[in-house]
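Coming up is one lone chain in structure tokens, specifically the form predicted on its own.
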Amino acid sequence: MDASWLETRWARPLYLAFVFCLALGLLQAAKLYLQRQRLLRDLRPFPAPPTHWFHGHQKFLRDDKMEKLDEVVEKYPRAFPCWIGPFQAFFYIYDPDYAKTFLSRTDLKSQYLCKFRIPCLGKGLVNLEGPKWFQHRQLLTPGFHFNTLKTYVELMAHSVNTMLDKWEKICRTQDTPVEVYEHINLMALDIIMKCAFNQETNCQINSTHDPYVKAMLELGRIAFYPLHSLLVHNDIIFKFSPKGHRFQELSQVLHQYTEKIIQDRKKCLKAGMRQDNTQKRTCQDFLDIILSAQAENGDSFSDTDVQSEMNMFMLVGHNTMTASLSWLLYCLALNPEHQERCREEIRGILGDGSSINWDQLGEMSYTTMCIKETFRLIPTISSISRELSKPLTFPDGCSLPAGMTVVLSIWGLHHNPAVWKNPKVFDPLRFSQENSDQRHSHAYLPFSAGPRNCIGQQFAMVELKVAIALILLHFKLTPDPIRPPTFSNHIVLKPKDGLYLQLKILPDS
């Protein structure tokens, strides 16, 4: 009788709990089923590549083979639905008219690819929305004005020459291809540390000694890690995964470093003092400009805002510039006739390159066309995404509902044979004035377009011109036939296993 009493006492709650869990499971299954049916209905007007019933197109996304995307773009010349598992779909577009309609709106940026970064890095222009974003954009714009950028040219040239000295020593002791990506990575970090903080870290020579430099380099590798896997989109799984834990540790190093610099600078400004090395400075750095904006706007631009913007500027600017210059060198190495024409143009402007100034950069017309063609052929940011706040109707009458995540594939747009003739051919003359005037306004979007275009695009162009000019004056570039680069399609499009080039010192350098 006692056993029967215990059985009744404990079995009933367990039974009820089981029924409750089963009901919740069935309810969730029904919800997912309806979600899938709704997506199938909404996306029915748009044909798509064959999809796996469970994985969707995840294998296609994870393979990092951009050739597969080229094949899809050729077969579906405007857009296609891309399934991330059975219950989630993105809508990829790469048609100029579609892009123009999409970018003319003010939909929120999709957080799907960067939601885990925000708590660690803070909210800056990259991930802010609405009035807060507009306020920050206005306050930060002076930091990228031509008058400010002019003063950075000498700083940039000094960092590039440090890298070239390293390359020259390597080339004099070995006759094998050099892995240049890591050298460029340190050089880009050196430049942005000077322009952002007026900090001389000597990172190109002793990169392993500075905790901040080490953290920034490793953080860049994790922050732009691909997030197409369903598992890493669970907050708890990512937070407690090795990568998530390491990401938080590195972010703390970043925060402590930037906070100390910001507070030290504010103390100096408040006391009317100048730092010991400020007397050598010929320009304001990015931090000066941000702190000036804060002083004028009081509580509406907090210390947290300052720190977030500095972190974002450092991380995003450093990683995108490294990739951009790497791909530019690779494209010129593959196309020696264009490389030589750039070199002749640069020699005619700079002579031996002992000095370089802002006005000379504006004379590099053919070199500029080669830079633009590199951005077309290998866009550093391969896509941008938004979540529709209201239905979107394209010029051909096809529509998408609110809530859909739309991905503008910049790679797809720049490789679309319906937009570009022979899109895989490196042809700088596409960007002659005549050809540019005849092109659709949204056929070429390396820095996006509309109100949320890249605020740092002029900074990037200046840095690329300084770097490529000095490199071509000193070295002839040849690709390594044994180790061609492969794409690592994270948020920033990087060479997966580094970039190997044969560097030959020019006799008159």
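Worth saying up front: this structure is predicted, and the values here are computed from it rather than measured. Start at 1 and count along the sequence shown; that's the residue number.
Note that the form predicted in complex with protoporphyrin IX containing FE (HEM) isn't included here; everything after this is about it.
Checking Leu217, Val178, Leu361, Ile384 against protoporphyrin IX containing FE (HEM) in the predicted bound form, a heavy atom within 4.5 Å turns up for just one residue: Ile384. Of the listed positions (Ala443, Leu69, Val466, Ala460), a single one reaches within 4.5 angstroms of protoporphyrin IX containing FE (HEM) by any non-hydrogen atom in the predicted bound form, namely Ala460. Contact with protoporphyrin IX containing FE (HEM) in the predicted bound form, judged as any non-hydrogen atom within 4.5 angstroms, is confined among 198-206, 85-93, 344-352, 136-144 to 136-144.
Though the partner is left out of this view, Leu32 does not reach within 4.5 Å of protoporphyrin IX containing FE (HEM) in the predicted bound form, counting heavy atoms only.
None of the heavy atoms of Gln37 is located within 4.5 Å of protoporphyrin IX containing FE (HEM) in the predicted bound form. Contact check for Asn453: a non-hydrogen atom falls within 4.5 Å of protoporphyrin IX containing FE (HEM) in the predicted bound form.
Shown alone here, Lys109 lies within 4.5 Å of protoporphyrin IX containing FE (HEM) in the predicted bound form, counting heavy atoms only.
Residues of 312-344 that come within 4.5 Å of protoporphyrin IX containing FE (HEM) in the predicted bound form, judged by any heavy atom, are Phe313, Val316, Gly317, Thr320, Met321, Ser324 in sequence order.
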